[in-house]
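Here we start with a single chain on its own, the form predicted alone, put down as structure tokens.
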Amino acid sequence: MKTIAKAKLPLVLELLAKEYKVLVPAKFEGVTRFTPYQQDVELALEENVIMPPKDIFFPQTEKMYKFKAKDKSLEIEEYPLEDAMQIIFGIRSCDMKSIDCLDQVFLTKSYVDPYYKNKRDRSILVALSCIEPMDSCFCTSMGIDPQKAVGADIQAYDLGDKIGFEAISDVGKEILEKISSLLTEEEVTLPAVGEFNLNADVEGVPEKLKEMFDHPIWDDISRKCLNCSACAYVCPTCHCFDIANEVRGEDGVKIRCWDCCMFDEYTMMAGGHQPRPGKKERVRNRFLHKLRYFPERYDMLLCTGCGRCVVKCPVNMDITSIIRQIKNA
């Protein structure tokens, strides 16, 4: 396996940054997230970032096109799509799975989203293995291997004081060839993964939920929820969005931005009808989407076990506990 000392990893990133835009997990304005690599960036490699890579492919706000309305005419001008390749370094296995979930939403079922596809097509993904799970992690319960991501171009391994690299795709081989002068070939043994604090048995849950839409369990689960949507904004797979206009005089811009099914306005209809009037209906929809509706449509769960919602929920709602309640109901 090709390896390099962790202390020399910036040399790899600097070399790649000469040819590509390189995004790395780093602390930025007090929050860990993927950010463009610079020499003074504070890399965050010890644990997963709070803000997932979702924002790279599906930005929190995104201009779609601009328009000009004058008299009875309307002119529309699309923003040019970028073509520069980018390398995203350090994506954990759970977040690689989340990208697969987003791919299903934006690239399949007869419609391809051009904005999402553009970012995916020009991205080279370098996954990074996990050794020590955080207290909130439960990716193995979702069938994910924390040391071997699916869909990566390069798999990087945390070897303690070193980083190991294994090319998975042809483009991954090209990237490793570009940095080969910095790497050393050696035999390595992957370290064992630590124990997980959380776990969830999801076997049979999607099928069971088909008969639980009106179950009283939703009253119990939703009681302490604040509908604050912190869970959705740090979730790597939540993908609800709204489309709005920003108009100044005759000129306007069409903007897509994140939204959330936990907000009252999300399902408010033009005539004033609200099909999800309370916390129970919104909380129920969130968990049915992740554990029943998405598996029915795409044959995969919409949860990757990253644990971010567990960390950020202000009232300590825990999806693994909710899954246990569903199993025992």
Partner chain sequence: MAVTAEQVKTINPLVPIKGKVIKIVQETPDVKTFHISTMDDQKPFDPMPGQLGMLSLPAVGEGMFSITNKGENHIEMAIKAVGQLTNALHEIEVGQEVGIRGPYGNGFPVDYCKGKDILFIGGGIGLAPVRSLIMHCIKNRDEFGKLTVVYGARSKADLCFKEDLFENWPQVPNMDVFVTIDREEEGWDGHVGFVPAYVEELAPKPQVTILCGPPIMIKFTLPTLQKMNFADNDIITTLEMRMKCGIGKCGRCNIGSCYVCLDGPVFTMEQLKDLPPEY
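This one's a predicted model, so the numbers in the text were calculated from it and none came from an experiment. Positions refer to the first chain, counted from 1.
From this point on, the text means the form predicted together with its partner chain, which you will not see here.
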Quiz item: Thinking of 6, 165 and 201 as the candidate spot, does its partner chain come within 4.5 Å of a heavy atom on all of them in the predicted bound form?
Solution: no
Exercise. Mind telling me which stretch in 88-96, 67-75, 143-151, 157-165 gets its heavy atoms within 4.5 Å of its partner chain in the predicted bound form?
Key: 67-75
Self-check item: Answer option from 183, 193, 240, 171, heavy atom within 4.5 Å of its partner chain in the predicted bound form
Solution: 240
Practice problem: Tell me, yes or no, whether residue 112 is in contact with its partner chain in the predicted bound form, where a contact means a heavy atom of each within 4.5 Å. | Solution: yes
Quiz item: For residue 265, is any heavy atom within 4.5 Å of its partner chain in the predicted bound form, or not?
Solution: yes
Quiz item: Can any non-hydrogen atom of residue 296 be found within 4.5 angstroms of its partner chain in the predicted bound form?
Solution: yes
Practice problem: Indicate whether its partner chain has at least one heavy atom within 4.5 Å of a heavy atom of residue 259 in the predicted bound form. | Solution: yes
